[in-house]
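In the form predicted on its own, a lone chain appears below as structure tokens.
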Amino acid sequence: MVDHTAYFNGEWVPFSEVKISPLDRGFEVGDVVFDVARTFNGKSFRMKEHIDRLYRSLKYVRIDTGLSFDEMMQVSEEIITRNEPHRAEAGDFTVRQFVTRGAGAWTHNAGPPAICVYVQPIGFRRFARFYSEGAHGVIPRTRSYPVEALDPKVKHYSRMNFNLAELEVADIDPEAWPIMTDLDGNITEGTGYNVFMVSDGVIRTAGDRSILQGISRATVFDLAEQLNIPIVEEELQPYDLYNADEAFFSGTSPCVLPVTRVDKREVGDGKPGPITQQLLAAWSERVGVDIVGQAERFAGLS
């Protein structure tokens, strides 16, 4: 295992030396926000948007990193450069920033925060084969946090509901990915990805009141406009997903991932759909990387 270089509390250190105190509130009560970007051919993708979302989350939860936006950008780009010698064996990296509130018995006087930026090889093995087969989704009983309890636009580590949803889904289909709903039964998002469906040539997805404002989700909107594919935000129920022509997830590492089965029902004809394939091709063209080919190669499928 390569011990990649990380940034931790103002210093460049081997990732193995990043240590969080068990008294840190990030560890004790999930008092931490984060973000994750990725590279294509060693170049960051939409890093500014990721850092902007991180700083929106920090402002919402009232954590001051002591780093300006530009300083966090510089660190996040420099860490890619410092780890470039290791990229050939990884293909590309994810770049993760996290900020905890620090140690303290009370939230209002805890600190100083722990700040870390690090890279990891993209886990292509987790999803590469689903580009051709399609992923499975299961809608668990466990729900998304209600907006009134915790705004989902904050990207945080307080995600026990996601853990429980993954366990529940694995009991039904060990290879399925959770598709969450809100308290009214409307589809929201996955456990780290946004959910889309296609009906009659229109891409449909939940509005951003009850979901994370995904950077990959925004890219889907951009590509749909480029391709002249209609896209709408609306309330959607499991019924709509079961009867869709195609479905897909969007997320940082896989970008766009076809979904061909939900709750053991085939979506459309049970194969990755043409609009999903169009989006993948357009995304690959935009970043200059064959997204599917790279994932299959580094997952050992080709």
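These figures come from a predicted structure and were not determined experimentally. So that there is no doubt, residue numbering starts at 1 and follows the sequence shown.
There is another form of the same protein, the form predicted in complex with another copy of the chain; it is not shown, and what comes next is about it.
- Screening Y131, Y193, F93, F196 for any heavy atom within 4.5 Å of another copy of the chain in the model of the complex leaves a single hit, Y193.
- By the criterion of a heavy atom within 4.5 Å, E148 is counted among the residues contacting another copy of the chain in the model of the complex.
- In the model of the complex, T81 stays away from another copy of the chain, with no heavy atom inside 4.5 Å.
- Although the partner is absent here, A37 sits far enough away that none of its heavy atoms falls within 4.5 Å of another copy of the chain in the model of the complex.
- In the model of the complex, another copy of the chain lies farther than 4.5 Å from every heavy atom of P258.
- Taken together, L227, G293 and Q294 are entirely out of contact with another copy of the chain in the model of the complex: none brings a heavy atom within 4.5 Å.
- With another copy of the chain left out of view, the stretch that reaches within 4.5 Å of it through heavy atoms in the model of the complex is, among 219 to 227, 84 to 92, 70 to 78, 181 to 189, 181 to 189.
- In the model of the complex, V18, K19, I20, S21, P22, L23, R25, G26, F27, E28, V29, G30 are the residues of 16 to 30 with at least one heavy atom within 4.5 Å of another copy of the chain, listed from first to last.
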